[in-house]
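In structure tokens, one chain follows: the form predicted alone.
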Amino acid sequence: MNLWGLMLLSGVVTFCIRYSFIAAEGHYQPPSWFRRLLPFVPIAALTALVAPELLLVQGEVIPGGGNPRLWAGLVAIFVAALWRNTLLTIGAGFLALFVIQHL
């Protein structure tokens, strides 16, 4: 299969997955336990994406002072909790990473 065929197939599969939820709207009622857990999906997915980037350095878990990404992430978490501003959080995280790497 060439690259264009693979891209077309990926697009069709992605469309079908997303359309299935739209088409099921009103025809399917998920169980109450499932609806109670849905608000936790975004934070769980985000944690699964961010935690390895903060804790792993070249494939090894480094939780201490030799991991500048962890400290920059903690600064970003603190800024996010304090001001709840996305751009400020991203900027503070990048600035903290730059400063820590160049100390």
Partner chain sequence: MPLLLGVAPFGVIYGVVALQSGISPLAAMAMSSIVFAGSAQFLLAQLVGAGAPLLLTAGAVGLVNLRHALYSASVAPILAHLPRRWKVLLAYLLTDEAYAAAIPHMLAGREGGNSPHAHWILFGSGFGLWSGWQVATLAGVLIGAQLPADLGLDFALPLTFIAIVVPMIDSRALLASALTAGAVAVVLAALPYKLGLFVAALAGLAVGALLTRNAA
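Residue numbers count along the first chain shown, from 1. Here the rigid core means the biggest group of C-alpha atoms that line up within 1.5 Å when the two forms are laid on top of each other. Fair warning: this is a prediction, and the values are worked out from it, not measured in the lab.
FYI, the form predicted in complex with its partner chain isn't displayed, but the following is about it.
Though the partner is left out of this view, residue 8 does reach within 4.5 Å of its partner chain in the model of the complex, counting heavy atoms only. Proximity of residue 57 to its partner chain in the model of the complex: non-hydrogen atoms within 4.5 Å are absent; the residue sits far from the partner. In the model of the complex, its partner chain sits within 4.5 Å of a heavy atom of residue 3.
Residue 39 belongs to the set of residues with a heavy atom inside 4.5 Å of its partner chain in the model of the complex.
Looking at 44-64, the residues that come within 4.5 Å of its partner chain in the model of the complex, counting any heavy atom, are 44, 45, 46, 47, 48, 49, 50, 51, 52, 53, 54, 55, 56, 61. Residue 20 shows a C-alpha shift of 2 Å or greater between the shown form and the other one [criterion: core-superposed Cα displacement of 2 Å]. Residue 86 shows a C-alpha shift below 2 Å between the shown form and the other one [criterion: core-superposed Cα displacement of 2 Å]. Annotation: residue 49/residue 21 CA-CA distance longer in the model of the complex than in the displayed model, change of at least 3 Å. Panel note: the distance between the CA atoms of residue 9 and residue 46 is smaller in the model of the complex than in this form, the difference being 3 Å or more.
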